[in-house]
Structures are given as C-alpha cells and as structure tokens.
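There is one chain below, alone, in structure tokens, taken in the form predicted on its own.
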Amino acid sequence: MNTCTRFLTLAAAVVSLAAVPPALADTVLRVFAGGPQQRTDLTRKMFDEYEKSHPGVKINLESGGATSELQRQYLSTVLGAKDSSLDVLILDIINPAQYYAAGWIEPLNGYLGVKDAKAYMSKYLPAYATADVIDGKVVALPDFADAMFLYYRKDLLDKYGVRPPTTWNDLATVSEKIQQGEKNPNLQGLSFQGAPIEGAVCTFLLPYWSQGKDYQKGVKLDKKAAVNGLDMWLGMVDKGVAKKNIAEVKTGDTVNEFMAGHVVFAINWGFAWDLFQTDAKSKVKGNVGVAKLPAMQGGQPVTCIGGWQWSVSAFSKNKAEAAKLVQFMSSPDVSKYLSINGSLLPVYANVYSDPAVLKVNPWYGLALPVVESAKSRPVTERYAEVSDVVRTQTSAALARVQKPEATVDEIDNRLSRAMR
C-alpha cells in the first residue's frame, strides 16, 4: 500500500465515512480547488482515494487563479449568480465570513452533527475557531495552515553570541549590533511588508495584538496601541534596521532579500522556509532559524494566521455528500499527508510532533508554538473594505505621507461601521 493510500484510507476511517448507499450512486461533485499554491496535484490524489472508497461518487476538480484575489473574483461571479454547478470550494481564511453573509456557503452544523461550534473547532489550531465560526455556525473547515514567522540568520546570531529576540526593541538592538559588526552597507536588520498589500494588514496588527489588544467586530480600535505599533515600525527605519523604502516592500521582496543573504531578520509566511532551504539561488541554506515574532515591551508574541478552508456551496444540489467530502479533506490524516508530501502546515497541533512529519519537516517543532500563538484578522462580511483601508493607510504611514495618529484616526473613522 503506497503512502497516499495508507494515509487516506486511515482518514476515511477516522471521519467514519460509510460507503455511499445505492440511492446516492453516481453522485458527481464538482470542486473548485484553487491554483498551484493550494497544491491541486495533491488534492487530486486525495480525491482519487476518496472515489475508491466511495464508488458511487465521482469528483471533478476545477482549478484556476494564481492568486487569492483572482480566485475570489471568479468565485464571486459564480456564486453571485447562484450557480449550482460548484459543490465544494476552497477559500482563503479571510473569506468565510464574507461568503456566509452573502448567502453563498452552507452552514455545516447539521451535516457534521455539531451542537457547539466552538467545542467542535477546538480540535484544530486555536485561530480557526474564530475564522471559521460565524454566529455559532461552522461555515468552513481548515485544509492547511499558514502563519507569519520570524526567520533569522543562525550563522550571524551565533557569530555575535545573541539569541532570537523576544521584543521588537531587542530585535532592533541585535540588528544594529550585527549590522555594525558586519560593516556591510547592503545588510538590513529586518525586512517586512510595508507595501499596500494584504501582508500590510498583518504588519498593522502584529504589534497591536502583542499589546493585548484585539480588533474584531464589536471591539473598538485602541488608538493609542495602534499608534504605538506604527511608531515602532518607523523607529526601525529611523535606526537603519529597516530600509527607508519599506513602504514599497512586498512579500516576494522580503523572501528574495533574505534568500540573497541581505537580511538578518525577516517576517514572512510559512511557504518561505522551503525556498530558503532548497531554492538553487538561496545563499542561506542550512543557516535559517525560525522563532515566534517579537512582542511590544511587556506584551506577548502573536502572529497572523493564514491558510485555506473547505466550504460547501449554498447552491449545491449535493450538500450532504459535499459536506462528507469536506469533513474528509479536513481530517487529521489528510493533514498529515499534506504535510509529508507538500510541506503544508498542519491544522492539528499533534501532527506537528508526528515522527513521520518531522522527518520530512524538522522545523515543525519550532513552528508549532508560532501557529498556536496566531490570531485571525477581523472576521467580518466587510473584510474586503477592512483590508483595503488598513493596508493602504498602513503603507501611507510607513511612507511618511501622514503621521501615525492621522493614520489611526482615518482607519477608525472609515471602519467604524464595518466593525460595529
């Protein structure tokens, strides 16, 4: 029995999916599974195994959209037209609330036998109980996780006898020490995302969250804490730790800068680990460490959760069977399979310590404390508006187009209704 078959046969047993009764024979499920970043090649293999154990079910995989935004545009068109051709869809973690409010995805409580949504979701990483539960309804189930990590040059920290910093002030101090010692004008202390992209939403929230604050519907923005966070980032620029044009830096820029050996510390998503260690152009192979993101002074480290979720179309004509497939795709053994074969971060804490998973991804032992500290970006049906305001205003502050106080006032004023 090959690895794929073994894991997926076990997964079928875990979620107790019985063989399809004759009455449901020849059910065809059409699934939008995303694009390359969602590893549709692995998804197809899992669907093949599901079909073997459910001979009455056929799964047609539809893929497309190189980015989350392109996928969202496509799904908005299909679901906005109440098209029943799609049964199951994969969503970015920021989308379930919006899609549920629009009436596009089906609440799963009845299909999963869920009486207490928060209790049901407690088997996953903590942040998913917020991201995938709306008004007491489970509206999506996690596929694979992602989060922002602090990557660092182990060789440089070892050379100067310093440990990974636990506060942003410590990071600035360590960076300055290494930069001065290396005497390399091209060496940055820290690279993070300041361009007006989705990553800038996390840039705004990371120091804010670490002060013990939250920003969800019904939770008013703490302006003082938000200003403190923006001042901290600008302080990094003033000290020469971060470069002056940080307001132009995108996710890929940070990856390339760190991979080229031009950065001591970098904030980026989980996918970057493999690039740092395996890309032919990487100059930091074997010298990459990973740690929790630092906190503001006196605070606790927090990171930004990412990842992808399976949901059932509200317009599907096969909702019960679609929900069974979603449950299967979100099972522990499928999570393990994705981790081993695709290095996709698990959505279950215990998978991070599985020997077979650690053999392929030894850094997962370091990753677990990070993903367990993750929080969800604002869960609201108006997230597109929230994201647009926060990322553009954050970038403007980092470009010094406006003062942090004015930036925070603008965010609060423009989003007061969306976050009410």
Partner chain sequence: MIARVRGVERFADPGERTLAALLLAPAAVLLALIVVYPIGKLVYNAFFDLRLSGGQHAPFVGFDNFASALQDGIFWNAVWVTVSITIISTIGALLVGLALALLANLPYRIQWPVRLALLLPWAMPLAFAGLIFAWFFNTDYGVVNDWLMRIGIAPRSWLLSPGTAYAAVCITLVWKSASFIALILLAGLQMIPRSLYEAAEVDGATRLQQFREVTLPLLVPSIVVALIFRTIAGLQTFDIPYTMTKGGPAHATQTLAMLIHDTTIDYGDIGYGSALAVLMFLLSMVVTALYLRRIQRD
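Numbering follows the first chain given and starts at 1. Source: prediction; values computed, not measured.
Another form exists, predicted in complex with the partner chain; not displayed. Remarks below refer to it.
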property	result
Listed residue that, although the partner chain is not shown, lies within 4.5 Å of it in the model of the complex (heavy atoms), from Lys45, Arg382, Arg30, Lys375	Arg382
Heavy atom within 4.5 Å of the partner chain in the model of the complex - residue from Asp279, Asp135, Asp231, Glu248	Glu248
Interface membership of Ala367, the partner chain in the model of the complex, 4.5 Å heavy atom rule	no
Non-hydrogen atom contact Lys213 with the partner chain in the model of the complex at 4.5 angstroms	no
Interface membership of Ala102, the partner chain in the model of the complex, 4.5 Å heavy atom rule	yes
is_contact(Gln38, the partner chain) in the model of the complex, heavy atom dist at most 4.5 Å	no
Residue stretch of 30-38, 51-59, 353-361, 384-392 approaching the partner chain in the model of the complex, non-hydrogen atom distance within 4.5 Å	384-392
Contact set, 65-82 vs the partner chain in the model of the complex - heavy atom within 4.5 angstroms	Gln73, Ser76, Gly80, Lys82
